[in-house]
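Single chain ahead, written as structure tokens, the form predicted on its own.
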Amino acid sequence: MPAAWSQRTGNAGDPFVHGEEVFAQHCAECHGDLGQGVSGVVSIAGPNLQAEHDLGHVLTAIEVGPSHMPSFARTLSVQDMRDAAGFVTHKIAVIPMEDGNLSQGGELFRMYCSACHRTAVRGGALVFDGVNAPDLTTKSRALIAGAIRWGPGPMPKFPPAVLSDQQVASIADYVKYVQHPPSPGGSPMNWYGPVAEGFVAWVVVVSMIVVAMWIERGGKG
């Protein structure tokens, strides 16, 4: 057991009791009592934490406060933050993220996710709902997996009866792969695709031809 969660006075032998108390007091309002996430309809919604196994990531989030989450650096002691992070990663994180299969993840993403998030995982407008599906290019595997189980906002939930834990891990792996695909060489132009890249190439070629013609005519217009 890490020293950061060594037994504390009054913990009845459980090093995570204090972490649970800190979580209940400072985190559950946004993230839910079980870390299941709060509906995206709420203006300040907390994501699902049930796939968050990275202790360092949780500790950093508590200390720094990503996005609209407040920083607790001045509210909680270092030990409080460590205990809360330990509670999240050892007790709340019940969705395993091992054994993902990239090929399977691609198939499942195209089947269940691409209609809203697009094949390039960049999201887009949902005409039928009047909202935008979020861009996934900056989301962690844990947030992706949690959202699949949680179903924030208009997104449907995908319980284990629909997608197993292994399939959820596969989808998360596929999204991370699309975020950082192997480069075939040249400039990927932020991975907008061959059509956009081809258009820019033609614009450059035409511009060079125009400049060459202008020079040929003596630069007199």
Ligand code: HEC
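The numbering used is simple: start at 1 and walk along the sequence shown. Only a predicted model underlies this, so the values are computations on that prediction, with no experimental measurement involved.
The next section is about a form of this same protein that is not shown, the form predicted together with the named molecule.
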{"query": "The unique member of A73, A120, V94, V131 whose heavy atoms fall within 4.5 Å of the named molecule in the model of the complex", "finding": "V131"}
{"query": "In the model of the complex, I171 touching the named molecule (heavy atom, 4.5 Å)", "finding": "yes"}
{"query": "Distance check, P47 to the named molecule in the model of the complex, heavy atom within 4.5 Å", "finding": "yes"}
{"query": "Close approach of L34 to the named molecule in the model of the complex, 4.5 Å, heavy atom", "finding": "no"}
{"query": "In the model of the complex, C30 touching the named molecule (heavy atom, 4.5 Å)", "finding": "yes"}
{"query": "Heavy atom within 4.5 Å of the named molecule in the model of the complex - qualifying residues of 61-91", "finding": "A61, I62, P66, S67, H68, M69, P70, F72, L76, V88"}
